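Form predicted alone, single chain, as structure tokens, below.
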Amino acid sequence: MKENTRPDSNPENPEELLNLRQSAPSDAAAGMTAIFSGAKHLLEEMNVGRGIKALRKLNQKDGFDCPGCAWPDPDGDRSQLGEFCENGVKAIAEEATTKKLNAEFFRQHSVTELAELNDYEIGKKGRVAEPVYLAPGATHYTPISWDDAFAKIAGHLNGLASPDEAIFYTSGRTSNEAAFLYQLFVREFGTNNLPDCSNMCHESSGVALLETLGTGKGSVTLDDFNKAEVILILGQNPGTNHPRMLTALQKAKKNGAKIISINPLPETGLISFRNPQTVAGALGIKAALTDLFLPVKINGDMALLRGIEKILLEEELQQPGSVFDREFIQQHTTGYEDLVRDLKDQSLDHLSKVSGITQSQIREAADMLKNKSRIIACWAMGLTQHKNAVATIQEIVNLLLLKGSIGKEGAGVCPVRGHSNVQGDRTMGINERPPATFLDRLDTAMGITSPRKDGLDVVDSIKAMHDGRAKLFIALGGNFLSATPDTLFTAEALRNCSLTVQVSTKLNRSHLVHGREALILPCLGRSDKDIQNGTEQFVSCENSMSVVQLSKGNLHPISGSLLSEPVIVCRLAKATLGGRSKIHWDKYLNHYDHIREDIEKAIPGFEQYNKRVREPGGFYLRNAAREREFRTLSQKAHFTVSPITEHVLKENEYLMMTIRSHDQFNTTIYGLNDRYRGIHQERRVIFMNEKDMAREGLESGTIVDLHNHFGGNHRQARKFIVVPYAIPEKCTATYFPEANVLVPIDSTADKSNTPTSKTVVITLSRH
């Protein structure tokens, strides 16, 4: 263990600068460099045989689902060369590592020592190999038996004054089966406190789409990309966050589609792509992707979309019926007249100023859309983590409704989910505000009485723990502290708990910032074989496009002390509820088919679940919006009108958005490089426009401290290195989780309560 002599060290967010090296940003994503990078990560964690064995089954129809992003697999044949991307290989390298942390490791390393490491170093230690417990006032985790761990949790849960004093968090890695059991246990226990990672990412999408289309999910399939005429990509960096999407975009381009990319940063994966599974890509020949790149200001997307719509309206009024799909609008929508009145009142000059996009560029985008109807709009957290996120996503819906681009081949909405089963978890009932219809059906099927009071989402859970209303925190996967906003506030909240429990595969920072007592319960990963009562089991997941398919690991677990997530939930439920439970938890422990039988009874769309999920490639859940059935109160899709947000900044203020590096998936740090942006061996950087740097008297490499004063509270992130970059003036970008300390707990999106991690007002000072 290296000695830490930094006087400013803290366990929530170590402020260690490494050794920044810079190079020119890459001119194309993927290629042979991606293959070499993935192989390097894999071989650092396991031998060649184990690595090849894992990759052969990764995302195959008889294999296991990647624990990374939720991009769908092809319905037909899947590549035998590898149905995965560079970051998928890194995810498997992290999960299937043969490095393991046992009792001796925790005996040698105190919690304080481990907390002094950065997130990359913590993650590289290896898989947790046995359950461990941190007693009140203890400095080290020590081994604990599974029975004793479950008894301890049950004692704490049953000792609460109310079930609402417990928080049950879920990560998007959790399978359908585990998620269903988890929400079933929590509701029988007596609370709806089921926050999950979607509260921090695509909650805004779900709210926006449910209000306007009646379905909180995307409406396209992977095959629609092959038939699209125009694809809009907004606030998304597919080259890093969803690399397999690049193949779909390349195929779309070959079929004649035009791609419009809207993003503050010119991301490499949006511009061009070297497909390593083609001869040209392997030879280094790049395929252009984006036809029009619009470098929008941070949170200028709504103004840009409104500007495009205004120009299209002008064209439509000159030649009625030539631009808008009047038949679709009349038959399937409501609110059109209100939108038209608003568009007429808008000033294109003002919309151009707010968006940061010139009028000529806005007209170019409108011209590309004018005579097209097969339009797909994709977006990710660049749109969902703003105060006006719901309204911005509804502006996308407005544009598609005007063009009749919902419910037809090659057209629709495509929120690209960031974690492999986050959509499936919501389908299974991981929802702090479940609809009454869901609870009614669940209660009828399972013979329980679910609570009807709304539970707490992520932000409200943090506040409840902070002020003592919630006393016990259980996380089924994830790295809660590093994923959430206002890091120091969240850390205080976790420390206020009497017990924090983390169901995990690997060590992470949330194990090191804990309650008065803490447990780490190690579980099987996606790649691990899961054998119960001598029978090999499988679980299932739902991807971004509503395909449910099986996931079956093929590697021997690195420890015999690991339990699967379904088993952990069942044993916890038995220990906590005992004889008062009406659920037959033992039958679930016997075989996972029994879990799916009850999912079939309780969740719509899962008829003949065990049969259909065993079919190669799985099955699609019905999506009403895909069929132009809009389950709103009016039974029609809704146009919406919302005010345009303009950020008026003081001379020394900037908007900051948090982003991922290429060596990162969510809070998991695979490495210290971001080669697409030319950053190596460092993460504490701030990307700035060169004109802003000149006004501030800053040079490339200057070390600065970042400050936020939202709500009258001073938040500070120290020691960030200034890097000049092609980003609009007054806009900056930093990596998370390092900059999450600046994201205010009280600054959230309207309606969805998602933290506004993409619009943080900051000032800078020299360190």
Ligand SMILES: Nc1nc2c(c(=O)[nH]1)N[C@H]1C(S)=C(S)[C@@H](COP(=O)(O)OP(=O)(O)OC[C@H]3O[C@@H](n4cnc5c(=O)[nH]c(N)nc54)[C@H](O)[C@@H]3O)O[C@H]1N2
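Sequential numbering from 1, following the sequence displayed. From a predicted model like this one, the values you see are computed outputs, not experimental measurements.
Another form exists, predicted in complex with the ligand; not displayed. Remarks below refer to it.
Contact annotation: Tyr182 falls outside 4.5 Å of the ligand in the predicted bound form, judged by heavy atom distances.
The ligand in the predicted bound form is not approached by Arg187, whose heavy atoms all lie more than 4.5 angstroms from it. Contact check for Ser272: every heavy atom lies farther than 4.5 Å from the ligand in the predicted bound form. Of the heavy atoms in Glu309, none are within 4.5 Å of the ligand in the predicted bound form. Only one segment in the set 449-457, 332-340, 290-298, 585-593 has any non-hydrogen atom within 4.5 angstroms of the ligand in the predicted bound form, and it is 290-298. Using a 4.5 Å heavy atom cutoff, none of Ser205, Arg426 and Leu672 lies near the ligand in the predicted bound form. Contact with the ligand in the predicted bound form, defined as a heavy atom within 4.5 Å, holds for exactly one of Arg683, His514, Lys217, Arg173, namely Arg173. For the residues Pro415, Gly412, Gly477, Pro195, the 4.5 Å heavy atom test against the ligand in the predicted bound form is passed only by Gly477. Residues Asn479, Phe480, Ala483, Val503, Ser504, Thr505 are the members of 479-505 with a non-hydrogen atom no more than 4.5 angstroms from the ligand in the predicted bound form.
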